[in-house]
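Before any questions on how it binds or moves, here is one chain, the form predicted on its own, in structure tokens.
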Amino acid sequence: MAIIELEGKSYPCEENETVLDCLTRHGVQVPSSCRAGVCQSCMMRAEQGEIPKAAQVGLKPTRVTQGYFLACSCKPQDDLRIRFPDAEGLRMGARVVGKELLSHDIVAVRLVPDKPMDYRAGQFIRLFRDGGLSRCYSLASVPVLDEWLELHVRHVPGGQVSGWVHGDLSPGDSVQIADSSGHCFYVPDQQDRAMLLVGTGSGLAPLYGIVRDALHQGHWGPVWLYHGSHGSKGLYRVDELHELERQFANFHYVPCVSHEKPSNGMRQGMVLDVVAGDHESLDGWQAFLCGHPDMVTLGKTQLFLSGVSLSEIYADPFVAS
């Protein structure tokens, strides 16, 4: 049985139990969200002991070398002495400079950090409501195009953070955020390659950033963006994306509705079905999937069978806390 030492106290960790579950079982409050190794909300730092490699998957190399790990993925084999992450370099302050209703249940929140943040369009950051309560939201902004960070927050019934964002958070408020993470972003290595981006709901947020980033960097291969929703009221940034179509001949925007009659250029059907109907073969393409976990999981399989290499499928499922 491994012993977890934190802030001078020791906590026995059961066999096959994660550090997060161990500490939570003993009444220790640890920031967490997805519990699936995706959001990185539960990042901690080891001062002594060996960290399993699985607990550091997805972390930046600089953080791995400093002993950072994800508590939700860490099942220690030996004793560990750990601590919460340093505030400097991880958390920072930010000011709310704008809030815009995008659809019936999604708002855009614009933040200006207290100091410059190094990020890539499509990555995500953590937004803190109180000391330990946080959620991760993808960045729809592009560093060279926007003077702020833009998050698209869907209101989750009963959601402690999304409810606060929709109801109480206002321009002028100060908040705490944490540094950017994630691998879902554009790299201009093959600017002639065809790109496919598929999202549902607020999964449009990172894709909106990735598309604008790619086009701004001169990507000239075909770029197809599909956004799916149950009905038209769930679609947003429609005018802005149609404007990008007019500006860039290689960009194609396809809004999809699955539970109502389409209008104004929309397509009927589940978003992955519409993609399959438009593209029989996707051999050599690069793909991005963001949104509901079921769509992302099914999409990975569908795109692979259509010819997309698994190494060229970038996905961020929006996992509920």
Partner chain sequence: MSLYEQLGGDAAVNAAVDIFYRKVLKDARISRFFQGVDMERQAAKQKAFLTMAFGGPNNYSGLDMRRGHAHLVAQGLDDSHFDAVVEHLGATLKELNVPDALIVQVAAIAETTRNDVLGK
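Residue numbers count along the first chain shown, from 1. We call the rigid core the largest set of C-alpha positions that still match within 1.5 Å between the two forms. Note that the coordinates shown come from a computational prediction; the quantities given were computed from them, not determined experimentally.
Missing here is the form predicted together with its partner chain; even so, the following discussion is about that form.
- Residues placing heavy atoms within 4.5 Å of its partner chain in the predicted bound form fall in a single listed stretch, namely 30-38, out of 30-38, 249-257, 48-56, 272-280.
- Within 4.5 Å of its partner chain in the predicted bound form, a heavy atom is found for not a single one of Leu90, Gly93 and Lys115.
- Residue contact check for Arg25: none of its heavy atoms lie within 4.5 Å of its partner chain in the predicted bound form.
- For the chain shown alone, His183 is a contact residue for its partner chain in the predicted bound form, at least one non-hydrogen atom being within 4.5 angstroms.
- Taking the partner from elsewhere, Ser10 is found to have every heavy atom lying beyond 4.5 Å of its partner chain in the predicted bound form.
- Its partner chain in the predicted bound form is not approached by His292, whose heavy atoms all lie more than 4.5 angstroms from it.
- With contact defined as any non-hydrogen atom lying within 4.5 angstroms of its partner chain in the predicted bound form, the contacting residues in 288-305 are Lys300, Thr301, Phe304, Leu305, given in sequence order.
- With the core superposed, Val38 shows a C-alpha displacement of at least 2 Å between the shown form and the other one.
- Ala276 shows a C-alpha shift below 2 Å between the shown form and the other one [criterion: core-superposed Cα displacement of 2 Å].
- In a rigid-core overlay of the protein, Gln286 has its C-alpha displaced by under 2 Å between the shown form and the other one.
- Relative to the shown form, the Cα atoms of Ser73 and Leu298 move apart by 3 Å or more in the predicted bound form.
- Cα-Cα spacing of Val38 to Ser311 is reduced in the predicted bound form versus the present form (difference of at least 3 Å).
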